[in-house]
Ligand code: TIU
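Only one chain is given next, in structure tokens, and it is the form predicted alone.
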């Protein structure tokens, strides 16, 4: 399949591509979660949910591999460096009790992926202690076993966990595509800058395209009209 992506067309084969959905968790996306406790407007992130749903539905219908990530820590916080927990002056810190349970702790209600994008049986779910999807996780091995060479990214936030994961993937040899209308930041100008950086200099980190472009390519491939 070929997408008319930026800065030039993106070629991929569904059998060797995974859709990676970064950190679409209640604590980041829903009101009352960790993101809002930091003073952020979570409605910005909620706005991308419909487009993400459409992509996920189309990807599942086409039979593609799906990977979900959650930024989460063990209940004893043994995998959370003090420098991460103590930085800044938030009203709630990682591990503190919040409206949806302990903040960013595995198994807590707020740490779960939003219902609209909930994983289905057989899909990969990665709990990651850092910003990137590859750091201290089994993702590399799982993708290698599945013979994946290309990754399509969506999720939040663009300039933090999404960009970090794409850069990690790029360093591991994956060709990466970011769906621009399926990613967002609490700071829109950060998203704009991150997207520009990732596709600069001949897709130095990866390509970008829209959800409609991807869904159209999937539909064309399924009908055999390509």
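Residue numbers count along the first chain shown, from 1. Note that the structure is a prediction, hence the values are computed from the model and not measured.
The discussion below concerns the form predicted in complex with the named molecule, not included here.
- Checking 48, 176, 161, 195 for any heavy atom within 4.5 Å of the named molecule in the predicted bound form turns up a single hit: 161.
- Of the candidates 102, 131, 93, 150, 131 is the one whose heavy atoms come within 4.5 Å of the named molecule in the predicted bound form; the others do not.
- Looking at residue 139, you'd find every heavy atom of it more than 4.5 angstroms from the named molecule in the predicted bound form.
- Using a 4.5 angstroms threshold between heavy atoms, residue 156 counts as touching the named molecule in the predicted bound form.
- Of the heavy atoms in residue 61, none are within 4.5 Å of the named molecule in the predicted bound form.
- Using a 4.5 angstroms limit between non-hydrogen atoms, residue 71 touches the named molecule in the predicted bound form.
- The candidate stretches are 167 to 175, 196 to 204, 51 to 59, 22 to 30, and the one lying within 4.5 Å of the named molecule in the predicted bound form by heavy atoms is 22 to 30.
- If you check the named molecule in the predicted bound form, you find no heavy atom from any of 10, 12 and 218 within 4.5 Å.
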